[in-house]
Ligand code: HEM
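Before any questions on how it binds or moves, here is one chain, the form predicted on its own, in structure tokens.
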């Protein structure tokens, strides 16, 4: 080492523990930044788009399966990426959780800073007020006490502090517009509350759909007694369906109004309901259920979703026994309500299981509320019940009801047909009152039509909190956008020369934008300097 060279300095290298600690500290700072919260909020809105554009398995499993089948590998890939279960997917939940953590992390320090600023006194009057964006000066014959008294009266509602600067110089500092930061915090805390309310709602909410006949009879009653009463039921994470609030509804009728082109304009249903003490007293209360007017009872909401038709069939067996079934058929055309379905019958008086499985009947086919035959093919021209007609296939054999597998009420088990255990024995078009006779003397008659309605029961204990938080968000946003943070300073000192009169200086500063503050400052300055010689 030469005399001109300096000894090498050792380079500082933090320990692995300190590097890990620094990594987590920087990550936390980045996560709790307001910029990160805004990015996560944007990502959450972006992540919710597939839930609106793609069918969701929780809402419509058949449509979801059909979409996957129609789109091949692309549909399968989307399914693996949880695009058909968006709101319960791992990536949506991760964004949701990170947004909540980010909001909490950035709001708590801001809240402490806000409390400190609210308790602090307004800042000192600047030494040189003439450098402020807004400045006025005048000499008045009034004394300093009179000027300050008038200033305190004019600035009532502002946070003010008066200071003595010595040599007869006195100043008044005033601030206003703290409600802007209050609104900002209210908006973000309300957003956090909204996120938490939605999360809790996913845990304790449920909704179910059920089809009820609109006849006013015993088959028109639905009771919220358990999940077995529903056709489909979507529970929250903490709902097992054993503790539902009990209530009952009875569907007396259904009325639909259509345009000349067949478009529906109004759905309504006269219903009766029981809840609470009515369940033991037997009292039924009337209610007009409409599409946008749900029934609210027992903490639940009952919505009218739609309707359909139920053809009524009577089977008269060779021995004289009669069986009448009214099973709902589903609309396959939502414009004309051309419907398909399956009405199933077990033979009477047959105790042997093997023999019974050879004599079961199913009436399948199409139902047209306003029928029209085109080349012998039945179709419907309107959704209204004007000229009902059915085109049916009568199937006889084993319906698969004893197989232990679940089966749709709208369809027969096609595997039974493929195996030859269920065969078609008749096909015919029938109007109301017409019948056909099978080869063994069994008579099948089409007796009439009744309507059914589709109801949805929804339970969400957090909806009231969601409304409160939404209103708070709007109020906070309005305050943060409309309220301006501004400051006014007033300094008075004796006039030079003979000492008569007072020099009054007024300065102003808008803490945010200055739009509109110039006019307010001019009004304040004119009142504080009134009677003075202005400069």
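Residue numbers count along the first chain shown, from 1. The model shown is predicted, which means the values in this text are computed figures rather than measured ones. Think of the rigid core as the biggest set of C-alphas that the two forms share within 1.5 Å after superposition.
Keep in mind that the form predicted together with protoporphyrin IX containing FE (HEM) is not shown, yet the notes after this line are about it.
Ligand-free form, site status blocked: protoporphyrin IX containing FE (HEM), modelled in by superimposing site C-alphas onto its pose in the model of the complex, brings 3 or more atoms within 2.4 Å of backbone or C-beta atoms. Within 4.5 Å of any heavy atom of protoporphyrin IX containing FE (HEM) in the model of the complex lies no heavy atom of residue 391. Protoporphyrin IX containing FE (HEM) in the model of the complex is not approached by residue 59, whose heavy atoms all lie more than 4.5 angstroms from it. Contact check for residue 154: every heavy atom lies farther than 4.5 Å from protoporphyrin IX containing FE (HEM) in the model of the complex. Put simply, residue 64 is far from protoporphyrin IX containing FE (HEM) in the model of the complex: not one heavy atom of it is within 4.5 Å. The partner is not drawn, yet in the model of the complex one stretch among 103-111, 296-304, 155-163, 328-336 has residues with heavy atoms inside 4.5 Å of protoporphyrin IX containing FE (HEM): 103-111.
Proximity to protoporphyrin IX containing FE (HEM) in the model of the complex, defined as a heavy atom within 4.5 Å, singles out one entry of 188, 250, 170, 357, which is 188. With the partner removed from view, the residue among 132, 99, 138, 210 that has a non-hydrogen atom within 4.5 Å of protoporphyrin IX containing FE (HEM) in the model of the complex turns out to be 99.
No residue of the trio 362, 366 and 434 has any heavy atom within 4.5 Å of protoporphyrin IX containing FE (HEM) in the model of the complex.
Contact annotation for 30-65: residues with any non-hydrogen atom within 4.5 angstroms of protoporphyrin IX containing FE (HEM) in the model of the complex are 32, 33, 34, 37, 41, listed in sequence order. After superposition on the rigid core, displacement of the C-alpha of residue 475 between this form and the one not shown stays below 2 Å.
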